[in-house]
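Just one chain is shown here, as structure tokens, and it is the form predicted on its own.
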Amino acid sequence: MGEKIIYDFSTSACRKDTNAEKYTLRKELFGTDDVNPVWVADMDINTPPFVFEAVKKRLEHPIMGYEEVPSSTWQAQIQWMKRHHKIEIKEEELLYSHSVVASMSVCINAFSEVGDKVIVQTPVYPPFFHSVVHNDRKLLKNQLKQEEDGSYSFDFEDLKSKIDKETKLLLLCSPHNPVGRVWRREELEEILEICLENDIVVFSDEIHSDLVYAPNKHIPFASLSDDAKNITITAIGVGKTFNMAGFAMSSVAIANEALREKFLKVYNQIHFAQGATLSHVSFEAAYRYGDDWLEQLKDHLYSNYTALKELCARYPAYIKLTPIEATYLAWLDCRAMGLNNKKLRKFFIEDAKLGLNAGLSFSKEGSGFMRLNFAVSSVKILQIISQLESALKSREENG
């Protein structure tokens, strides 16, 4: 075996002139370019070198025509899921998708009709409820409960009380964005029981499943039991784990053949095709060679989270950091600042010079919260913390 490679997360490449969404849209979203953008969920951390080595090798061949997803690409993901998440997926169960959100929309159209109800558990990543409304379905909101320590849990009684015969689909965010929960087996089993009793299909967005911090363990919803496997559509991929959103490739795993056929009926109408050659190559390389990189990345991310947690602890009268079990997205409880949502956003933009996601965009339950992406280099997290601390200190001094 070769010597273990040590990856450096202390610095990262500048993205300002690369058409990166988080930088390009600053003026449009925040009214100024003078903000450090920590909103959209990609990393200001270099994509792993082994991904680019695989891409460079493929570029030695001078033809880039239509290409099927190679079996070796799917097998790399299958083996990854087995190693990291103890789930067995067969190659025939996997379908290409350019994004989880696109897969979600296909799922909504495949397993519900116009006017049917779709469950979302709020606060949640905005495309969850946008996808429901844009497809002319009714939004059934099952609000998460916030515990005394700031963490969140499912409200099962609320869920059971709202379900009726028009409820066809539950959109599960696991791990949860933005609240950072890793759902426990017993929690998922209760969701499963409710869905089985009411003939509800589960779309499980597990795109953050690799970014889970010890001692927490991600449990794929489909791995709970054969019954779970038979009602689950799982969305997974490399975009978050390896900072590869720009390759536009994820996958959908559907074990139940009848569900897969229903999904394919809508999927084929849209004509997803098989994606891009370089996406196949990069996807396979990430899953084949990414184990050590991921472990080191998680250590780095948790260090960033700890630094942010220490900052919030210095200003408890203003900001509380929701306990994080997974993702690189900090859910900041700013309600103690006594600002309305407009003024809170203004504080972060003008005083801290930081561009965050407003909590209100994750549904009304996010009022008074802000989401901050801490997936940045060591140098950049110090800069972010310095900017936020300066703004909080000034607010404290000025009453």
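This structure is a prediction, so every number in the text was calculated from the model and none was measured. Residue numbers run from 1 along the displayed sequence.
Not on display, but discussed next: the form predicted in complex with a small molecule.
- Proximity of residue 284 to the small molecule in the model of the complex: non-hydrogen atoms within 4.5 Å are absent; the residue sits far from the partner.
- Among residues of the shown chain, residue 120 is not one whose heavy atoms approach the small molecule to within 4.5 Å in the model of the complex.
- The closest heavy atom approach of residue 219 to the small molecule in the model of the complex falls outside 4.5 Å.
- The small molecule is not drawn, but in the model of the complex it has a heavy atom within 4.5 Å of residue 177.
- Between the small molecule and the residues 135, 99, 142, 151, the one pair within 4.5 Å by heavy atoms in the model of the complex involves 99.
- Residue-level contacts in the model of the complex: of 229, 181, 240, 280, one residue has a heavy atom within 4.5 Å of the small molecule, and it is 240.
- Heavy atoms within 4.5 Å of the small molecule in the model of the complex map, among the stretches 253-261, 291-299, 200-208, 317-325, onto 200-208 alone.
- Using a 4.5 angstroms heavy atom cutoff to the small molecule in the model of the complex, none of 331, 369 and 372 count as contacting.
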